[in-house]
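What follows is a single chain, given as C-alpha cells, in the form predicted on its own.
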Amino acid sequence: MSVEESPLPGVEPIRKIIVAIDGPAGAGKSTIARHLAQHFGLLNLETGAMYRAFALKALRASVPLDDAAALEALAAETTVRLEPGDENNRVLLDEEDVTGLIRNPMVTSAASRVSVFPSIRSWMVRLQQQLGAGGGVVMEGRDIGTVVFPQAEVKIFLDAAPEVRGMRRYDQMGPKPATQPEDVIRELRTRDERDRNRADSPLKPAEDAVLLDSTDMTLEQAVQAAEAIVTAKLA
C-alpha cells in the first residue's frame, strides 16, 4: 500500500496521521513502531535515538551530564537528524552517521540523564515536531502523545512490569553478557524513576491514550494488539 492510499473507506489519507507511542524503557516501543510503520505505510521516527546521539556528543566532549548550562551550550552547536531507512533510521550527529554508536549501555544511561533538563527537552521537541510536521509517521518516545504531538490521531502507552522489561533487555544482549539480569532490572527501575518524576514532561499516559500492558504477552501478541488499536482508531 502506498502512503497516498487510505486503508479504510472515508478515512483521510494514511500519510497524514500521526501515531504516538510512549512508554518506559524496554517496553518494546521500537519493535512495535517498526511494525506499525511497515503495516500502515508510515515513516518510523525513533525519537529516543535523538537523545542518545546528543548524549554521545556530551560524553565525547566530557561535558558533565548534570550541568544544564553546559549541555544547553553544547546543544546550541549540535545538529541531530533522522533519515528513514528500510528497517531502522539512520542517526546523523553533526552529519556523522552514529547509528551504530548509540546503543551501548553507557550512551543509553547518559541519554536518560541529559533528557531531564527542560532546555534540552524543549530543543528536542522542536526538532521532533519538525520531523513529523507533515504527518504520516509513527513516533515513539516518552512524551510524544503528551507534549510533542498532543494532536496525534492515535496514542498508545506501552508498558510492562520492570522485571519483564529487564529480562527482555537482558535477552537482547546476546550470549553470556557480563551484566546480570538483576543489574539490568535495577537500571530500568532507576530510569523509570527519573523519567516519571522529572519536572519537565514526565513520563505518563496522555489522557486519550490507549494503555497496552504487555507484561503477560508475547512480542507477537503485543504487536497484534497495537495493530488492532490503530485499525480501530482509524475506523
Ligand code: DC
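Don't overthink the numbering: it's just position in the shown sequence, from 1. Values in this document were obtained by computation on a predicted structure and should not be read as measured data.
Here the subject shifts to the form predicted in complex with this ligand, a form of this protein not shown in this document.
Of the residues given (V80, A111, V164, A75), A111 alone sits with a heavy atom within 4.5 Å of this ligand in the predicted bound form. With the partner omitted here, the stretch from 45 to 53, 205 to 213, 66 to 74, 32 to 40 that lies within 4.5 Å of this ligand by heavy atoms in the predicted bound form is 45 to 53. In the predicted bound form, this ligand sits within 4.5 Å of a heavy atom of R198. When contacts are judged by a 4.5 Å heavy atom cut-off, K57 does not count as touching this ligand in the predicted bound form.
Contact annotation: R90 falls outside 4.5 Å of this ligand in the predicted bound form, judged by heavy atom distances. Proximity of K155 to this ligand in the predicted bound form: non-hydrogen atoms within 4.5 Å are absent; the residue sits far from the partner. Shown without its partner, the chain has R103, A111, S112, S115, R121 in segment 91 to 124 as residues with a non-hydrogen atom within 4.5 angstroms of this ligand in the predicted bound form.
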